[in-house]
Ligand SMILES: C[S@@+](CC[C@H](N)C(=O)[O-])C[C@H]1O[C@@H](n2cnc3c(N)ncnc32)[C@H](O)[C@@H]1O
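In the block that follows, a single chain appears as structure tokens, in the form predicted alone.
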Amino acid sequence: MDSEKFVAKTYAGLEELLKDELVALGATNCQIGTRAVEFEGDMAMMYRANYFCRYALRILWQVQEFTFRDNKQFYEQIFKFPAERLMDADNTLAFSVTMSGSMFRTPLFAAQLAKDAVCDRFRDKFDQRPSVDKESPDVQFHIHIYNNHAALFLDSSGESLHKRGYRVSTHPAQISEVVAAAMVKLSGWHGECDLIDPMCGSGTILIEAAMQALNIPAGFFREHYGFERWKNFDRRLWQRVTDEADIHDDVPVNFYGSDISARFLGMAEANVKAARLGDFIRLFRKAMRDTQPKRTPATLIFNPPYGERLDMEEIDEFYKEIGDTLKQNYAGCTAFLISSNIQAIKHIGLHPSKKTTLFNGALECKFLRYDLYAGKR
């Protein structure tokens, strides 16, 4: 089958993880870009990337590339694209544009021109124009313009791939599923010891860790993808790709989560149930200082509050308590935490053996590793 060009989008700092994941899935010519990885493969590879990638936000299929001198030439090039292969006149579409150094005044103007070109092609061919639906289009086009060069993409994912489909309850300061999956991967934990989240909120880190340990595909609980609404959607091929999943029945470790808030714990319980992971993840209502491992060694991975809702004195004291609890209750374990509050981190009073920069949404964070030894090292 012909090789097509694709772009997988991700968060800053996760490009390398995503590239490794795509290579493992069979992608070729993988090139790291800014918050993105370009790769090549067939349509099965596009389906595979959507279904299995834990670190991707969306998969774009490049369907056209051209240079242009002016508005007229830009319109003509988009008009040439055989959009009728992917949609009918009674389907809906939407265009989004990102650009730099372009002759267009605004991305909105370029998107309007491109939309007109596709709709005019349909009117000429079928005497009917598709309509625009910005919320939930059947076909979402994306154009990237750099100077006078344009690339036309189709968004194969639909909703962002961080929406795995298991989250039925939403925490006010939740971590993205993609970032949670990356934290588990970057910790180096491979299911060889118990995993603990002593501030589990709505349970995202525990669920992502259990999904990795059990080899459950990232998209296993999702009901919809953008490509399912295209005319060229191959249902048999999609079935073959999803059948490639090799899900384990069991793992020899447990996952423990706790939170001081009954409300958040209720959210975690609802999400764990939706992910059908109740046999693996045990949840308790406890303050962090009252937690300890059932057996050692264990790995802790957690996302404490960053202090957006606490005053400075409280947050410093809170992080000091985290450090004291790690020292006193978790000797022989390894702890990983993420925080954007660099000042508060200093109050943990432990020296991190590793620091990685990650982004939780727009917040630049440090992902820190602490090796916890018994007594004084």
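Just so it is clear, the model here is predicted, and its values are computed rather than measured. Residue positions are given as counts along the sequence shown, with the first one as 1.
There is another form of this protein, the form predicted in complex with this ligand, and it is not shown here; the text below is about that form.
When contacts are defined as a non-hydrogen atom within 4.5 Å, all of Ile175, Met199 and Ile260 contact this ligand in the predicted bound form. When you look in the predicted bound form, the only residue of Ala245, Val132, Val168, Ala287 with a non-hydrogen atom within 4.5 Å of this ligand is Ala287. Proximity to this ligand in the predicted bound form, defined as a heavy atom within 4.5 Å, singles out one entry of Thr299, Asn303, Gln140, Ser157, which is Asn303. The stretch that touches this ligand in the predicted bound form, counting heavy atoms within 4.5 Å, is 202-210, out of 215-223, 104-112, 75-83, 202-210. None of the heavy atoms of Trp189 is located within 4.5 Å of this ligand in the predicted bound form.
Although the partner is absent here, Phe318 lies within 4.5 Å of this ligand in the predicted bound form, judged by heavy atoms. Interface membership of Phe264, defined by any non-hydrogen atom within 4.5 Å of this ligand in the predicted bound form, is confirmed. Residues of 71-103 placing a heavy atom within 4.5 Å of this ligand in the predicted bound form: none.
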